[in-house]
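Below you will find one chain, with nothing else, as C-alpha cells; this is the form predicted alone, and questions on how it binds or moves follow later.
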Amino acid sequence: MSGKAVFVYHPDLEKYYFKPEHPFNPTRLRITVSLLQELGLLKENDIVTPRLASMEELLLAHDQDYIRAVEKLSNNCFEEEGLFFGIGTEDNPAFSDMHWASSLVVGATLTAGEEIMEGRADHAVSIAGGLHHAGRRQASGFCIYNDINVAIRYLCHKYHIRVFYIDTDAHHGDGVQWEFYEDPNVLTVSFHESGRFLFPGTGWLNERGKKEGYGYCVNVPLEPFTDDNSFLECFREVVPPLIEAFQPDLIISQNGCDGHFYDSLTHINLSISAFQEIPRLVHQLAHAFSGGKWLAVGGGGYDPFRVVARAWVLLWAEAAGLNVKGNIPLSWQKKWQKISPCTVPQTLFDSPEVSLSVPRCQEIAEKNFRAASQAVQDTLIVLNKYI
C-alpha cells in the first residue's frame, strides 16, 4: 500500500528557536532524526533538502506589513511594535534570524507538497512543519508563519486541486480553519481538546464555515482525559465518510503529538499507540480516495524524549511502509539520557501500567462520540447536497 515516501529535512530547521526555556524546542527534530537513524528507518536517499519560501509565497497567506515586521524584528528583537502582531509575547518571543528560520519551515512544507504533486513521491513528511496557529497578520501559539496555509494556497493555485486537511494536535487548528473558512476547495477537520479548557479557546461544533465554505469546516472538541479508544472512535466516525464524500486530490495531516499523557501542556490521555494508528488510517484513506497523495507535517509536542521522537518515528514508518521493532537501541538511550530531564524510553510503545487511569472514561467517550456524530452528519448533509 505504501508508495514512495520522502522525508523533508535539514539541520538548519532547528534554527526556528525561541529561547532555551521555551517549551517549543527544536531539538526534538534532531532527537527524532537520531532515533530514526539508530533504528535504521531513515536513509540518505529518503531525505530531501528543503528550500526557503519566497516573499511571493509567504504573501499567499500573510499580509505584507506582517512579514515586514517579522523581518525587522529578526534584527532587533525588542521592538515594541511587535506586540501589535503578537510577537514579543511569552508564547512568541522574537529571535535572531526569525524571518529566515520561519521561511525555511514554510519552505520545507512547500517542498514536501511539490515532491508529491510533481510525481516524485506519493507521501512526504515534514516534521518541522505544522505551525497551525499563525494568522495572516498575527503570530500565535509558537507559530510565526503558517506553513500549512502557505502550502495549501500554493498547491491549490498551482495544481488546481482540492485539499482535505486533518488536524489531530491537542490544540485546535484555528489558523488553518480561519484561512479557509469560506473556501469550498479545502475541507478542514480538527480533533482537539475542548476550548473550554485549552488554548486557543476555539474549535466549537458550530464553527462550520461561511458563504461558499459553509459545511467545509469540521470540529470535534474532545473532553479532557480522552483516551485512545475514544479518540480513534471519533476519528473513524468522522474522517472516512467525509473524505469519501469530498473526494480530495491531496490529504494533508497535521500530526501534533501533544495529546500524549506525558505532555505537560494538555489534558488528553493518549498513548503512543494512538500515534501509530492515526497515520495508519490516514495512509489507508489516501490510497483509497486521493491517489495515495498524502503530505504529513509535525505540530505540537512538548516532551521530546518520551513522546515526540517515538510518535514521529511511527509517522515516518507508516508513510514509508516500514516495520518497526519494539525496542529502542541502547546507543540512542545513552546519547540522549545525558541531556534528558526524565528517563528516556527503552521501547517504542508505552507499557499499559504507565498510562493515567480515568474513572469517568465511559462518560467521556459518550460525550466525545455525540460531538463527533453531530459534526459529521451536519457536514455530510452539505457535501451530499453540493458535491
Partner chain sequence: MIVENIMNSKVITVHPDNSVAQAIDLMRDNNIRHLPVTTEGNLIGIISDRDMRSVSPSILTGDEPELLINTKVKDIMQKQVITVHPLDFLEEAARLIYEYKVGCLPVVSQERVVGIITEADVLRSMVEWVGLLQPGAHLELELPNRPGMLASVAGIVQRHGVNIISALLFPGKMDNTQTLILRLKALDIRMIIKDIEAEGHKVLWPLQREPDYER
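Residue numbers count along the first chain shown, from 1. Values in this document were obtained by computation on a predicted structure and should not be read as measured data.
Same protein, other form: the form predicted together with the partner chain, not shown, and the subject of what follows.
Engineer: Name the single residue among R208, H267, H99, R162 that comes within 4.5 Å of the partner chain in the predicted complex, judging by heavy atoms.
Structural biologist: It is H267.
Engineer: With the partner chain left out of view, which of R51, R360, K335, R68 would have a heavy atom within 4.5 Å of it in the predicted complex?
Structural biologist: The residue from R51, R360, K335, R68 that makes the contact is R360.
Engineer: Just one of 234 to 242, 135 to 143, 284 to 292, 149 to 157 has residues with a heavy atom within 4.5 Å of the partner chain in the predicted complex, so point it out.
Structural biologist: Result for this chain: 135 to 143.
Engineer: Is D174 one of the residues lying within 4.5 Å of the partner chain in the predicted complex, judged by heavy atom distances?
Structural biologist: Taking the distances in the predicted complex, the answer for D174 is yes, it comes within 4.5 Å of the partner chain.
Engineer: In the predicted complex, does F197 come within 4.5 Å of the partner chain, counting heavy atoms only?
Structural biologist: Contact with the partner chain, yes.
Engineer: Just to confirm, N229 within 4.5 Å of the partner chain in the predicted complex by heavy atoms?
Structural biologist: Judged by the heavy-atom cut-off of 4.5 Å, N229 is well away from the partner chain in the predicted complex.
Engineer: Though only this chain appears here, would T89 touch the partner chain in the predicted complex if you measure heavy atom gaps against 4.5 Å?
Structural biologist: Yes, T89 sits close enough to the partner chain in the predicted complex that at least one of its heavy atoms falls within 4.5 Å.
Engineer: Enumerate the residues of 201 to 230 that have a non-hydrogen atom within 4.5 Å of the partner chain in the predicted complex, in sequence order, or give none.
Structural biologist: The stretch 201 to 230, when checked against the partner chain in the predicted complex, contributes G201, T202, F225 at the 4.5 Å heavy-atom cut-off.
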